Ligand SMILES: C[S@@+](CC[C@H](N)C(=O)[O-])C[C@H]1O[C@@H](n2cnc3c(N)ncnc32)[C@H](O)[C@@H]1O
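One chain comes next, on its own, written out as structure tokens in the form predicted on its own.
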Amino acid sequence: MNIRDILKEKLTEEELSHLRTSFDIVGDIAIIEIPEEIQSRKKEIAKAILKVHKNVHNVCMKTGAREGEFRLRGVELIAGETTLTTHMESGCKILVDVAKAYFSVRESTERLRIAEMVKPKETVMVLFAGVGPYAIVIGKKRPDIGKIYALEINPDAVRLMEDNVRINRLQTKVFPVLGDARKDCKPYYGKCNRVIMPLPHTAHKFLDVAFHLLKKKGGTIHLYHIEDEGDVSTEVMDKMKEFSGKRKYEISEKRKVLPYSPGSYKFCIDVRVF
């Protein structure tokens, strides 16, 4: 029996026409979108989800888009007791509070791809690190890594990241940093082989920081950006040219990560710097 079958006896045909049955599951939390027309039925919908998905113990309803400096989405807990959960990904335990910190369950494949690209003894900087999923997966999958610095401006996310480092026994590999990417990266300038920038709307504005972070011999920047299919956008190319200074670089790959909106996608742009 599926969610729609359960709700047939509780919702009218008109209400069922608004029902959305696809949603993300983070740990034991389902994060659902309920159209305004049927929000009065949110408790019944949550109960149906709990009945069908035995691994789900809490249900949160989206109450807004991601916004603000911390990239937080408004959520309302409509079933269960907590917005805190432990999510399993690529053999890692990732503690997440879906109400207090950014985390995308849909990017697990991309995080694993990046981890597999990292070479032994590298020093990696993850900007806009959230609760640390990129850093944790890299640390677990690459035990021969040098150091991974993970910088995040949201104090709640950094506290969770510190817990994730401890839970996954990566204290000698992953180093959370509470700070602003524009103001607090200077101690790491010239020390990194690889910079990861998973902030798709505005990461390109911090490309000057990324170029400074790389060692003199160069390295790799993974820039995430929202754009249409085709060539890398003029906006991104202009920022690269402006911020690269005298350094040479090339775009080695532009890879589609996820659909974002009709006609646009989240891409990862891999940049080799020499």
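What you see is a predicted model, and the numbers here were worked out from it, not measured in a lab. Residue numbers here begin at 1 and follow the sequence given.
There is also a form predicted together with the named molecule; it is not shown, and the following applies to it.
Decide if the three candidate residues 71, 102 and 107 all line the named molecule in the predicted complex, where lining means a heavy atom within 4.5 Å.
-> The answer is yes; 71, 102 and 107 each reach the named molecule.
Mind telling me which stretch in 164-172, 80-88, 136-144, 178-186 gets its heavy atoms within 4.5 Å of the named molecule in the predicted complex?
-> One stretch meets the cut-off, namely 178-186.
Looking at 203, 151, 95, 115, which has any heavy atom no more than 4.5 Å from the named molecule in the predicted complex?
-> After the contact test, the surviving option is 151.
Evaluate residue 111 for contact with the named molecule in the predicted complex, applying a 4.5 angstroms cut-off between non-hydrogen atoms, and reply yes or no.
-> Yes, residue 111 sits close enough to the named molecule in the predicted complex that at least one of its heavy atoms falls within 4.5 Å.
Is residue 199 one of the residues lying within 4.5 Å of the named molecule in the predicted complex, judged by heavy atom distances?
-> Yes, residue 199 sits close enough to the named molecule in the predicted complex that at least one of its heavy atoms falls within 4.5 Å.
Looking at the partner-bound form in the predicted complex, is residue 129 within 4.5 Å of the named molecule by any heavy atom?
-> Yes - in the predicted complex, heavy atoms of residue 129 and the named molecule come within 4.5 Å of each other.
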